[in-house]
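Next up: a single chain in structure tokens, the form predicted on its own.
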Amino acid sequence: MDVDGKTRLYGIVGKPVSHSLSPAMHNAAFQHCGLNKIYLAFDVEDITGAMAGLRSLGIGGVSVTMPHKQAVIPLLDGIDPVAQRIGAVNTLLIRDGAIRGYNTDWIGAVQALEMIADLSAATVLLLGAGGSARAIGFGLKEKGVQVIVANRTLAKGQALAGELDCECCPLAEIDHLNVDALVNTTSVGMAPNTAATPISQTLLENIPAVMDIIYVPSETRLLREAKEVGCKTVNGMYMLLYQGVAQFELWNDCDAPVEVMREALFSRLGSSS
């Protein structure tokens, strides 16, 4: 793509961001659609200063990653109601110097889970109680899903369940639950600790669908063992893909080239999944 004086700039802000796959995904989409836009990674420590820069430079929009998803909220001119309830923002839309915050993480997670599970009248067990669990939990509630939170630290799980207005189950007692799907939002099983898994394989035997938000490795031990007992599975790459699709459509007011974005992500990871 030729960069000229009319090229519109987009990007991702966070620290660190050198590992981000978002530039590959969004630049492939911009190029495919013939848009004179480019997406770069910005390693940002001072989010307040960065926000002032975004306004003054006329940047069209950015993705927001850790550690700024909460810190950015007081600096916004407006925020989407769902992002407000989640308490975290991962997408900024900038128009005429005004910055509005959105959260597309929950959209990505729900769409990924819908690849393997019918969420109408479903009950989903959410493993973990951190920021990802919070976003996905609120997203599932938006879809009318019954959510159950299970977390290693019970008090933290109960706190999130209170905010979601849902049940919290001690991790040691999840074998008594009847659920339609399980979503692992923890980092257990992520590289380099790929031998770890958040729950034993025997607990997966009565769960039809399992999603792991981890995408390195592309098949965690949890997903491998879930497949072995007959579960449908999906990894975190699809959450990343679909949250990016939602970002693209927010920024460009047009349909995203989903297959182009998927190929850009999976080729970067060397995966054919």
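As the structure is a computational prediction, the values presented were derived from the model and not from experiment. Residues carry their position along the shown sequence, with the first being 1.
Separately, the form predicted together with a small molecule exists; it is not shown, and the next lines address it.
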*Per-stretch contact check against the small molecule in the predicted bound form, the hit in 202-210, 231-239, 45-53, 31-39 (non-hydrogen atom, 4.5 angstroms)*: 231-239
*Would you kindly say which of Ile214, Ile59, Leu223, Ala246 lies with a heavy atom within 4.5 Å of the small molecule in the predicted bound form?*
Ile214
*Taking heavy atoms only, is Thr153 within 4.5 angstroms of the small molecule in the predicted bound form?*
yes
*Hey, in the predicted bound form, is Thr185 touching the small molecule, heavy atoms inside 4.5 Å?*
yes
*With the partner left out of view, is Met190 within 4.5 angstroms of the small molecule in the predicted bound form by any non-hydrogen atom?*
yes
*Is Gly137 close to the small molecule in the predicted bound form, meaning a heavy atom pair under 4.5 Å apart or at it?*
no
